[in-house]
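Below sits a lone chain in structure tokens, taken as the form predicted alone.
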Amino acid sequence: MRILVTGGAGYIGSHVAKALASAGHTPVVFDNLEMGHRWAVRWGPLIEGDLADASAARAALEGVEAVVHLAGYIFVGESVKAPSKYYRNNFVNSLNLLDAMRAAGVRDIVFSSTAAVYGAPEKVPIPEDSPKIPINPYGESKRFFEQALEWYGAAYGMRSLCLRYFNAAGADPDGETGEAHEPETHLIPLVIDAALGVRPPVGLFGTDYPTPDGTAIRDYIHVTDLARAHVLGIEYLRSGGASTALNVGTGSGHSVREIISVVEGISGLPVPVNIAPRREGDSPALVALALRAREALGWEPRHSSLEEIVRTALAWHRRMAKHPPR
């Protein structure tokens, strides 16, 4: 199949494109390259465009049979300072995509959602039926689009799978693509870059959480495992699967101190750290209950041990430091 991958020039998008190509599909990347990279588009054609342009979205869907929608802004802190930017891009512009899909007769879409739709959950591990009470505009913009998908399904027969990511991490084991954000806000690349001396000491925000070592715990999923979930998701919808939302995580968590320790052990380098107070809104622990993804998609994480995540990410960041891709 020809599958449109919006945001396919980004970190997760490039891994999804590779996974789709490996499964025999043709990923057609639609990206404005604001945050993505031309070098990351290697497994299918690139159409430069923006979802704010409804006519460009309609043109990109020519010959396409399904959509993976990853395009969107991702920085939680920025969303609090600039909510208009996030609602307009992540929600309003995404409606242009849905309307273009309707016009083109394309009804299957896998959507890149987030665990941020749950806000600060009372129950951990977090099941999919937990209350959706986002605590920032980023999470709310994703929740709005999930709700739009529900109504478009009821009214127009569109079929959707919302994948609620936890913490994507790691890099392509073949070294063909990886994480290259600027600004970088994700913990593992910040810790690795601090060890390599290419960024300042990593901030350790909060050492008094009610966790075994006092630092926050998160569920990290290897990006290649996450990418495979999208491929299985497309196949699930194409075989008649019902619209639904699924957590994509491992079901276990790792603390900030644990990550620092594993990076030091694998790299052989010390990680400089600045200890700081907790950040407002950070939960002590966010871990997925991901049984439904296993049941619906037959999906299991294969590469998501913390050691493999760090090893592949470290190899990528070392390569980036020596030979930045162009």
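Just so it is clear, the model here is predicted, and its values are computed rather than measured. One rule holds for the numbers: they count along the sequence shown, beginning at 1.
What follows is about the form predicted in complex with uridine-5'-diphosphate, which we do not show.
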{"item": "Contact label in the predicted complex: Y86 to uridine-5'-diphosphate, heavy atom within 4.5 Å", "value": "no"}
{"item": "uridine-5'-diphosphate contact at Q147 in the predicted complex, heavy atom, 4.5 Å", "value": "no"}
{"item": "Contact test in the predicted complex: L196 vs uridine-5'-diphosphate, heavy atoms, 4.5 Å", "value": "no"}
{"item": "Close approach of V256 to uridine-5'-diphosphate in the predicted complex, 4.5 Å, heavy atom", "value": "yes"}
{"item": "Output flag, E65, R159 and Y236 jointly within 4.5 Å of uridine-5'-diphosphate in the predicted complex, heavy atom basis", "value": "no"}
{"item": "Per-stretch contact check against uridine-5'-diphosphate in the predicted complex, the hit in 243-251, 101-109, 86-94, 210-218 (non-hydrogen atom, 4.5 angstroms)", "value": "210-218"}
{"item": "Partner-contacting position among D282, E295, E34, D53 - heavy atom within 4.5 Å of uridine-5'-diphosphate in the predicted complex", "value": "D282"}
{"item": "A180, I126, A229, L187 - the one with a heavy atom within 4.5 Å of uridine-5'-diphosphate in the predicted complex", "value": "L187"}
{"item": "Residues in 194-208 close to uridine-5'-diphosphate in the predicted complex, defined by a heavy atom within 4.5 Å, in order", "value": "V202, G203, L204, F205"}
